[in-house]
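Just the one chain here, the form predicted alone, laid out as structure tokens.
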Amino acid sequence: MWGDMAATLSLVIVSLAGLALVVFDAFNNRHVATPWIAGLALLAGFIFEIVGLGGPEGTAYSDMLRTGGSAAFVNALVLGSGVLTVILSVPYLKKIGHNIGEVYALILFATVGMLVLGAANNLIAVFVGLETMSICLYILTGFVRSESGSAESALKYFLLGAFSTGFFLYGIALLYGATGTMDFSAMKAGVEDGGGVMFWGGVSLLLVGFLFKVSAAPFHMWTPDAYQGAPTPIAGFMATASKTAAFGALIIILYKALPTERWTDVLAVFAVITMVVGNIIALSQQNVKRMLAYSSIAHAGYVLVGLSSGLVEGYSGALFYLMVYVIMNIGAFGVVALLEWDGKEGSEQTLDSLAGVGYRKPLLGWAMVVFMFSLSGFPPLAGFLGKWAVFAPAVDAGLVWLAIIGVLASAVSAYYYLRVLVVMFMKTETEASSKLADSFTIPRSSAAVIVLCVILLFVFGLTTSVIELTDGFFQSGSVATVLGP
């Protein structure tokens, strides 16, 4: 047990910090140390996982969880997203008058679920991580109870999430009935002996649950409402960390448990639907957060393009894209959080309210330029390299048509991304239907997060070293021992 706890030290640290925060906040409500405890715990876990990237892969807790390698990479992204979210949340929650300790405890517990999900090596671990994460996110979405929009968003998210959980559980039951195991590698060996209708029925239901969690169409309906009603930094956390953990688990399941030739075409169809629906509907959005929500749906489609290839290059490219996606969206949601004016977590804020911001608040304006161009896929930013990393394996796998659709969808997305910049730099304040106050100051902590995200997008846009690192997660040697043949 002690060896397993040492191998999953980040999980242990974040879990204990969450429990400590609950007790601490009960006696020291709204204490200034609360976010520091949460942030330092997440940072410690992040450093531990970064160190684990270069170490050997292994398993813990009777092979229920994976450690090192791809699990460490996914966990590092989740923990890094958590650290940046805590930093952005402190001034934001003070501004809206809801700087309560429970928020930071819930962020930690949601992160615990994501760590279990991203490192899962068994369907039971997947379910435990998924539900731990989801329950915390339901509460975080609606914790501003005074706003009807926030409560409505949380209710929609909860009801649809509970419905998807039913599909997920039935899928697990069918897979267990067909293979007699819930371990990923053993499951693949079982289906090679003949899976039948029960196995593929279970796979179908399992995919429904995963596609819901990653906001893939047509299971995306909860996403714009949840993002619009949730506090903006929390919406950024949901858009990045939860999607990264869910995709991390899906990648391992596809690689270890399912015969490649049987599911690639299915994922390709979902990738097309997701890219088209996300980008087309985003074109008509006037609310900034809803536009970013549909944007996140489209980006789920891009990741699915890489997974559709069925190649190790596609898996590694998907992991790299998730890293880039985390950086872009944490930065974009951080800027939007600072530019809110409606007093309702941005749920009523229109794009026109950002008119002239590029000149009045140049740091936010030019940072948004970087984020929007990167989301569009322009070089030399990391968004371009990320899309290359998922489209190129699809071409190598003979899915040229899918890569072409992805490129065209990305070209369409440039319209609504660049429209943000047009409003911020080319539209005067007098032309705006609603005006943003000039009096607010940019907190140094938030500015530091935004600048860091800008720098990282340039750094990762000019190097392929991370892609080469993720390629190693799916190659022979010690990795094969963990990920299976």
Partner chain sequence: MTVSILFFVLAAAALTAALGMLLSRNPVTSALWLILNLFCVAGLYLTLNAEFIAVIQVLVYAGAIMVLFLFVIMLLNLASLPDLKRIEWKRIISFMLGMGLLAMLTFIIAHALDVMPDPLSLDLAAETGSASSLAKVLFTQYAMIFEVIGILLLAATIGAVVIAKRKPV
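Residue numbers count along the first chain shown, from 1. Remember, it's a predicted structure, so these values are computed and weren't measured experimentally.
The same protein also has a form predicted together with its partner chain, omitted here; what follows describes it.
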Legend entry - Heavy atom within 4.5 Å of its partner chain in the model of the complex - residue from 210, 158, 270, 109: 109
Legend entry - Among the candidates 373, 263, 143, 92, the residue which, in the model of the complex, approaches its partner chain to within 4.5 Å (heavy atoms): 143
Legend entry - Heavy atom distance at most 4.5 Å to its partner chain in the model of the complex, all of 15, 19 and 100: yes
Inset, instruction - Consider residue 116 of the chain shown here, and say whether it contacts its partner chain in the model of the complex, taking contact as heavy atoms within 4.5 Å. - result: yes
Legend entry - 4.5 Å heavy atom contact, residue 61 to its partner chain in the model of the complex: yes
Inset, instruction - Please run the contact check for residue 131 against its partner chain in the model of the complex: heavy atoms, 4.5 angstroms, yes or no? - result: yes
Inset, instruction - Report whether the minimum heavy atom distance between residue 30 and its partner chain in the model of the complex is within 4.5 Å. - result: yes
Inset, instruction - With its partner chain left out here, work out from 123-131, 382-390, 216-224, 243-251 which stretch has heavy atoms within 4.5 Å of it in the model of the complex. - result: 123-131
Inset, instruction - Sequence order please: the residues of 226-250 with a heavy atom within 4.5 Å of its partner chain in the model of the complex. - result: none
